[in-house]
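Okay, here we've got a single chain as structure tokens, the form predicted alone, with questions on binding and movement later.
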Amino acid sequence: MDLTERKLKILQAIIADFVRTAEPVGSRTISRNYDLGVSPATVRNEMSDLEEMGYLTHPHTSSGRVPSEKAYRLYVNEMMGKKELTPAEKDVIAKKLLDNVSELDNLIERAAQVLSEITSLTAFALSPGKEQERLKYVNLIPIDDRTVVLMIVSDTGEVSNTTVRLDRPASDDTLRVLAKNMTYNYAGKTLSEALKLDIIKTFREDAEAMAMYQNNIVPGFIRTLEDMLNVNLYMDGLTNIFSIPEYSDIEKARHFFEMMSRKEEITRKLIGTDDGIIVTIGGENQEAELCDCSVVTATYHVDGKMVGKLGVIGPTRMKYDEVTSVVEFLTDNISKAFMITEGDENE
């Protein structure tokens, strides 16, 4: 059985009506609300064919039909038009994105808030992964004779530090030697590479530096590198589900909240998605917890590098054209907004 042009028009009308109302769609509704030039009986027959082909499902409590995941996939791949945002809408979004933002992490968190506000869905944003940032230098700043601040600076200007308590007093000369040797051995290495290196051999002829490095500095150094590599997941609009008919059931809403509380699992799923705008629908999500949801993700770039992701999680009954347009506009503007915030900081 072929998907004729008439079947495609009827299917598109059903998807549009169901996304708008969340109610099963009957043949009379399609005939009355959409100018297809055919009778309700013809629409009914075509809907039966579409159900047989797997594009519609038939709830037992209703005479109407609802789109299947297969229908949504066809819609996203072949039927969905690009919804152009108006200049006024773009201006509002751009201004919201830069509201009270001073640095990149604030910008990413703000992007999630704006996306949730506009789409009325649960939005998320992953902060930039720093695996490919390169270490520029290491410094050890004495606070007192047994306390130092270990500072790591990357080539992008990212600065992270931790306070290290020493087993024994350290002279300024010893700290300078340690910092100099660490910088020499680690400079130019990515943060990921730095975690895998072993430079204890550098200090084998200096017993004091060796003991201090191995017992105190190394753990602090590793801890700081790991903190720099950690990916932050920002989420916004979790309570938006209460306005979505699919989650009017308390048990289903509770399940959604439990799923979204497992941020490590969500982060792993999002990191694994490819570059560009990706739409995964229902059972296409490998995680069982997301089998009733659709996830729209897009990558954002800073200085031409893919550094993070932005998107929404919601029901399969989603305004995919609107959501993808807003997500695309936000990710396209994050880089521009970051350049503006950097310029403000340098003034």
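Sequential numbering from 1, following the sequence displayed. All of these numbers come straight from a predicted model, not from anything done at the bench.
Just so you know, the form predicted in complex with the DNA exists too; it's not on screen, but the next bit is about it.
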Exercise for review: Could you tell me which one of Arg44, Arg317, Lys70, His301 places a heavy atom within 4.5 Å of the DNA in the model of the complex?
Suggested key: Arg44
Review point. Only one of Met53, Val279, Leu290, Val38 has a non-hydrogen atom within 4.5 angstroms of the DNA in the model of the complex; which is it?
Key: Val38
Review point. Does Arg65 reach the DNA in the model of the complex if we count a contact as any heavy atom within 4.5 Å?
Key: yes
Exercise for review: Tell me, yes or no, whether Ser294 is in contact with the DNA in the model of the complex, where a contact means a heavy atom of each within 4.5 Å.
Suggested key: no
Exercise for review: Determine whether any heavy atom of Val323 comes within 4.5 Å of a heavy atom of the DNA in the model of the complex, and answer yes or no.
Suggested key: no
Review point. So in the model of the complex, does any heavy atom of Leu330 sit within 4.5 Å of the DNA?
Key: no
Study note, to complete from the structure: In sequence order, the residues of 155-170 that place a heavy atom within 4.5 Å of the DNA in the model of the complex are none
